[in-house]
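Quick heads-up: it's one chain on its own, the form predicted alone, in structure tokens.
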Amino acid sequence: MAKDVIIACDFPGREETLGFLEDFKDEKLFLKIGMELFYSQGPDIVREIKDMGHRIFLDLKLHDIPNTVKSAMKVLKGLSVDMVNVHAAGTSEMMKAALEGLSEGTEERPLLIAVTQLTSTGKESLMSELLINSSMEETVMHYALNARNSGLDGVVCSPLEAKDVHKVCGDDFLTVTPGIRFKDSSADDQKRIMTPEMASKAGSDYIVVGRPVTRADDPKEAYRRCRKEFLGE
């Protein structure tokens, strides 16, 4: 299974995003467009970046009643993105509805993955605020298995759980892991983190890297470092 590095374009607007991409004008990247940029610029920014030849993970984490999510996915598939996601906490019925919306009327669809638990969530919050008394590991594995049984292609999890997700769901089930930091980077608001090299050894298929690249003094060099550590390039 191919591995890759996804850059999180968590910028407030079009100007900042295209300014960042100017450093990579001779490369085709895998980029994550999240809520901040999408809510600021709408679908047009997705189309513009796709037209530049980049792949896109549209990270909107849909979580609503099944019919609403299905209808939303019908719209999102028209953007020709490469990967989209939902929250696994929305239940198997919702995840199946999302898959139906993406698949309806087409033979090709984006990869559909489910968020298990955010990498900013620690075990204390899991129990005291979300009232989940199972361990983080048990919760993530259960959510991952629900996603697999619902027909999804993979999950978003921390790199700490990637290897066990593969054990539970199979090697062909994708693990997309944020919470990536270099040894000399700040953890910021992330709780469950690993370096790119450690994530590769732990079984991550895709790593999502934001601030260590986008806020680096030399983003292109930081991206190169990330690929070298994760992919051995």
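Residue numbers here begin at 1 and follow the sequence given. Please read all numbers here as calculations on a predicted model, not as lab measurements.
One more form of this protein exists, namely the form predicted in complex with a small molecule; it is left out here, but the text below deals with it.
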164-172, 62-70, 204-212, 39-47: which one contacts the small molecule in the predicted complex at 4.5 Å, heavy atom to heavy atom? 204-212
Candidate site 58, 109 and 155: all three near the small molecule in the predicted complex by heavy atom within 4.5 Å: no
Closest heavy atom of residue 10 to the small molecule in the predicted complex, within 4.5 Å or not? yes
Do residue 178 and the small molecule share at least one heavy atom pair within 4.5 Å in the predicted complex? yes
With the partner left out of view, is residue 32 within 4.5 angstroms of the small molecule in the predicted complex by any non-hydrogen atom? yes
Considering non-hydrogen atoms and a 4.5 Å limit, does the small molecule approach residue 150 in the predicted complex? no
